[in-house]
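Next up is one chain by itself, shown in C-alpha cells, the form predicted on its own.
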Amino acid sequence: MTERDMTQSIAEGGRKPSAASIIERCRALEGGGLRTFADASPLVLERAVGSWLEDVEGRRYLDLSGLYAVANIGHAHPSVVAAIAAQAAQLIHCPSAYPSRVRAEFYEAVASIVPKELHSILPAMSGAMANEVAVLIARTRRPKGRIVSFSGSYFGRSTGVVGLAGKTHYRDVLGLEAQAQFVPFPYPLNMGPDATDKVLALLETLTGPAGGVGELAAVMLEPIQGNGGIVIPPDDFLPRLRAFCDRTGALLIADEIQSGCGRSGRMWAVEHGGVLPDLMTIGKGIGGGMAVAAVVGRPELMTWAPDTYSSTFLTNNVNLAAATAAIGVMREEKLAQRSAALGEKYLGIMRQRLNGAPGVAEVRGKGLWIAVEHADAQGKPDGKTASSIIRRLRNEQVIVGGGGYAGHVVKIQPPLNIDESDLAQGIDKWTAAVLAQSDR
C-alpha cells in the first residue's frame, strides 16, 4: 500500500468509503487465488438481512443465491444473532480438548435432524474439511481401497478433496493429481432415460475381475449435484448405488453440504431416494451464516482414538451456538416443507414460461433449488448466455448463482423463508431475462 493509499484509507474512516476504493484497497494487498477478482466489478457488501443484501453504497439486491447456498434461514436471523451475541459475551474460544455445554447442545441439535442411524458426529469448520474427514474414515477402514467419484462432482477446494472433484480445472490449476476413479453422473438430459443403467454397468465393469480398480473404500457423491448445475439423478439411482456399495463393501458417502438442510424440499436429499448413507457430510446452511460443518455416520465407523483429529478452532463456541440456533429455526419454521411447497409452485411457473424457449435446454429443480440449463443452436452448452443473464439480473439488483459442467446453468437457492412476494418478483425478472436473451 502506498502512502497515498494509506492516507485515503484513514480519511475514509470518517465517511462511508466507495465500492471502488474498497476494491482497490483489497487489490493492493490481497494475494492471488481468491474469487475476489474473478468478476472485474465484484459486489462490495455492507449488510444483509433476510433475503436482501445491501452494498457499501446503499444499493439493495434480492438474494436468490443464498450467497453460495449458505443463507437457508436468511441473513442475520434474529435467533442466530441473539445466540451469537449471548455466547460471545460468555465464551468464544473453546478448544476441542475441552467439552462444553455448547458443544453438547450442538451435537443434540444435529442428531435431531439427521437419520437416527447416523448419530455419531464429528465437527468441522467447512464442508471441505468435513469431506476430508469422511474420506479419511473410509481410508482408515480400507487403507488400500480406491475412492469412486463422479463427473461434475464438487466437494470443496482444499487440497484434501479437490482431487476428488469432477472438474479437472480445480486440480489442474493447483498441480494436483486425481485422487479418485471417476465415472459419469447419471445426467438424464445428456444420457437419456436409461442413465442409471449405463452408470451402474460401468461401475460393475470397473470393479469386475478385469476392471483394474480393485477394492473400493468408498463411493462419494452429492445426491443432487449443486456446483454441477442442480443435476438430479433418476429416481432409481441412489437405491441401486446403495445396493452396489453393500455388495462391494464400499462405504457410501453422501455430501449434503449444498443439498441438505431443507434445500431440496426434504431435510436431506438422500430422502428422495429412501437411502441411508454410511457417512454424510453437512455444512453451509447448518451454521446460520457461521463456519460450521460436520460428518455424521454409523457409530461403528466413527471409532478413531482420541487426538487422531483436531484443529485449534474446531469447536468455536460462538459458531456452534449459531448452528444450534439455526437448526432450531429450520425445525420451528418447517423450512423443508416450505421449500417443497414453494419449489413445486415456482418450478411449475418457470417451466410454463420457459419450456421450448430458444436456448433453454431444460428447466429443473427440487425444492427451492431451481436451474435453467442453456444451450446454443447446435445443442452445445452455452456458458456465454448463462453469464449474460447473471450479469443482467445483477444490474436489475437480483443475485442468482451459476454452475454447470461448462458454466452454462443459471440457478437459484434463496433463503427458504424468503417472502413469497419477493420470490415471485425475482422469478419474474429471471424469466424475463431468459426470454429477452432468447429473442436476440
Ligand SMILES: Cc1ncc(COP(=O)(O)O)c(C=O)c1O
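In case it trips you up, residue 1 is the first one in the sequence shown, and so on. Note that the structure is a prediction, hence the values are computed from the model and not measured.
Below, we turn to the form predicted together with this ligand, even though it does not appear here.
Contact annotation for F237: none of its heavy atoms lies within 4.5 Å of this ligand in the predicted bound form. Taking the partner from elsewhere, I137 is found to have every heavy atom lying beyond 4.5 Å of this ligand in the predicted bound form.
A residue is said to contact a partner when one of its heavy atoms sits within 4.5 Å of a partner heavy atom; I257 meets this definition for this ligand in the predicted bound form. When contacts are judged by a 4.5 Å heavy atom cut-off, Y154 counts as touching this ligand in the predicted bound form. Of the listed positions (I147, A128, A325, C245), a single one reaches within 4.5 angstroms of this ligand by any non-hydrogen atom in the predicted bound form, namely A128.
Comparing 192 to 200, 314 to 322, 210 to 218, 119 to 127 against this ligand in the predicted bound form, the single stretch with non-hydrogen atoms within 4.5 angstroms of it is 119 to 127. Annotation for 210 to 247: the only interface residue with this ligand in the predicted bound form is E222 [heavy atom within 4.5 Å].
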